[in-house]
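Below, in structure tokens: the form predicted alone, a single chain.
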């Protein structure tokens, strides 16, 4: 909201009050925004305008101001006087004395952004910039921005340093074939699967680091929870063991969710988000305990086998909410994970019901053991020459995890499709817009 009197509004007991510098009903205000909806009556018209992600109701009594140019999705400037009323969004409306159309739509939109009948996701993604004007999406992506703010808030309060690592790399960071290759001048390069090797190396200098950024996986998955480009929150810390890392991750999740409920409760209600209970400690099950439960309740599987989506969904229904699966078989984990008791590892996954949110654990800090890990996973030590060389200069014991921000937002908002919580999703079928 813009006006000469510096209009400021604040919330008290769920109601918006306008009271600063003597401003009250009758104060003058200006608004710049785009038209969300128009409702015309015999003697006046009501126009809802979005300004800086907030809805403002305009009341227009002068029919001359309601020109043929004023349509839904028009961008306008309006000036008038404030009237306080509980019937308007945010507790006030502006009675318009002047109005200008700054930009008018040239085409009819393919769907009505105010309709309760939501079009198919593919159509909305084809016209994503328009779809993002829907009130639901305004609230959802405001919540996403706030969640990232609270993650940073927590990590910085724990003395973690935010870093940015390269996204064009010379070799695989995780191993496997899920890589996007590209030409880097006259050399082959890849888009980074994760900042894993860089963040490990950075613990030598900075001890505790985090990064929020894109990761790229060339997996031909067509599920509701996979993307080719995703946003990951990566954390790495020297002198942290497996239990320390799970404690830290659990506390961080609890902090962010509680902050969202404390500060963004109205937006959560507007999108009908589920209520997440983070008051209790997240249960911690070993991989072997999960396998035992599956054998008793679902079907026979063998110790050492990976857990399928069906297994995780069934166990997730049993466990409910957030929980950890720890001590995974070493053969199911990347080369840099610290072994434990021969065939197992000091590793964990954070789950929400059947959805994996985070994977982490202790890392190998012995160069000889790291070479064994590369051999175990079928990777060439030659391709990791620089990374191995770093370990000769005193790598501290360390550990960390990566948290899928997009999947976390699925849990917070209750979205069933990960594409709903990403501004411009990239998957095996979609490269535009």
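Here the structure is a predicted model, which means the values were calculated and not measured. Positions refer to the first chain, counted from 1.
From this point on, the text means the form predicted in complex with ligand ATP, which you will not see here.
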query: Ligand ATP in the predicted complex: contacted by all of 217, 227 and 402, heavy atom 4.5 Å; finding: yes
query: Listed residue (356, 201, 264, 126) with a non-hydrogen atom within 4.5 angstroms of ligand ATP in the predicted complex; finding: 356
query: Candidate stretches 143-151, 356-364, 319-327, 95-103 - the one whose heavy atoms come within 4.5 Å of ligand ATP in the predicted complex; finding: 356-364
query: Residue 418 within 4.5 Å of ligand ATP in the predicted complex, heavy atoms; finding: yes
query: is_contact(residue 407, ligand ATP) in the predicted complex, heavy atom dist at most 4.5 Å; finding: yes
